[in-house]
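Only one chain is given next, in structure tokens, and it is the form predicted on its own.
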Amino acid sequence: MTDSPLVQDFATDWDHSDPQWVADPYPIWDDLRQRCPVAHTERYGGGWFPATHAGVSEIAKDTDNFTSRTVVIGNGRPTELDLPAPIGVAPPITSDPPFHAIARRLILPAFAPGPINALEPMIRELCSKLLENMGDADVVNAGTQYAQYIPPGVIRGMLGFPEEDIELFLEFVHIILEGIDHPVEERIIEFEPIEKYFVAQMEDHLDNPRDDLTSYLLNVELDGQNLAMEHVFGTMILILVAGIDTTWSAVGSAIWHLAHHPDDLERLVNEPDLMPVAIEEFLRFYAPVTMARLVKHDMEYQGCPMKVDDWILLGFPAANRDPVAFKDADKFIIDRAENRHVAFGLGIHRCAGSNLARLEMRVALEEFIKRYPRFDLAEPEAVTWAPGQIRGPRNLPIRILH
């Protein structure tokens, strides 16, 4: 958790690592939508937070005034020398047009419905194994024993990384996404083991090619040339981070919801065909991801004097609860018929891994409620939530009801 001073007014001094925001951001966003639709902060070197669906949508689709050169807020700023445009640190999510389309096209085949759907038996086996390992205890931890291990198990297999390194991946995610308020010099040191690990994996795959996503990235060609090592490295980091923390958080949030909404749990148990529709409402109501942009040049936006390299934190979860965009936006409706949520983002950077996220969520929830058709929260006050740009429950003690 942050050591920074506590926020007194989120309209003029927001901080997404503030304990109040981390614990329950929804009242904050409701207040901002009505009082200050684009909030400001001097923290992290200056930044803005649009809280409305319209504001988030407009900025997310505007690549002329906002750059995706880096998408995780911190105290520093990558310079053009560090990250020559338009590739960025983790292509394609940090790539601007026109390179973005090229970089995205390279990874789309790996995340198309065909290859993703083929992973279902492996994901189901992984979930079943995790549940077996939890035994017959009356209280289990759906966060630390279950949700956190599903996405890294899947991503590890896709990238061809050793199974014994899963705990390392969780530590890498923590460093990248939760150490956001650390000084720049400290962040550089924290990243050293991550860089060392990925370079070693790339070297091993060059020496011992195999049929996995890492070897694909090392061998795929762009204009007749192999990708630059920095490009491969950045894309692997993206797949690891974006593929783990986001889905871990989404699965955990869904279980947390079902634990204190027994009617919804009963419906999913008795109406299995409802699961795909319910997944979309879990994604809308508990969208885990906020993404950052940088302002390209001094400009005014909705009366806000934005400066070059100011941060923009795109509140996709806030947009999903905007009553202007959604009827009964503040209510979870498990069979909501119309649900054009933005949990996977908007514009050219919409999540390329959405097929995989939906599959993992569906299988994880199906297996969990098959084994535990009745459960509730064992200790509601013991539930903890991740700080930073990906929000989801970490400690999640669940009491099994017999």
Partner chain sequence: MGGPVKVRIDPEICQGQGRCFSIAPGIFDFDDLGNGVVIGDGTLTSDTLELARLAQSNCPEHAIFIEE
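Residue numbers count along the first chain shown, from 1. These figures come from a predicted structure and were not determined experimentally.
This next part talks about the form predicted together with the partner chain, which is not shown.
Enquirer: According to a 4.5 angstroms non-hydrogen atom cut-off, is E338 in contact with the partner chain in the predicted complex?
Expert: E338 belongs to the contact set for the partner chain.
Enquirer: Is H174 close enough to touch the partner chain in the predicted complex, meaning at least one heavy atom pair within 4.5 Å?
Expert: Outside the cut-off, so no.
Enquirer: Taking heavy atoms only, is H297 within 4.5 angstroms of the partner chain in the predicted complex?
Expert: Because no heavy atom of H297 falls inside 4.5 Å of the partner chain in the predicted complex, the answer is no.
Enquirer: Just to confirm, D309 within 4.5 Å of the partner chain in the predicted complex by heavy atoms?
Expert: Outside the cut-off, so no.
Enquirer: Taking the partner chain in the predicted complex as the reference, which of P305, P113, P121, P323 has a non-hydrogen atom within 4.5 Å?
Expert: By the 4.5 Å heavy-atom cutoff, the listed residue in contact is P113.
Enquirer: Between R187, R104, R156, R77, only one gets a heavy atom within 4.5 angstroms of the partner chain in the predicted complex; which residue is that?
Expert: Checking each option against the partner chain in the predicted complex, the one that comes within 4.5 Å is R104.
Enquirer: Pick from 330 to 338, 22 to 30, 367 to 375, 36 to 44: which stretch has non-hydrogen atoms within 4.5 Å of the partner chain in the predicted complex?
Expert: Among the listed stretches, the partner-contacting one is 330 to 338.
Enquirer: Relative to the partner chain in the predicted complex, which residues of 279 to 297 have a heavy atom no more than 4.5 Å away?
Expert: The stretch 279 to 297, when checked against the partner chain in the predicted complex, contributes only E280 at the 4.5 Å heavy-atom cut-off.
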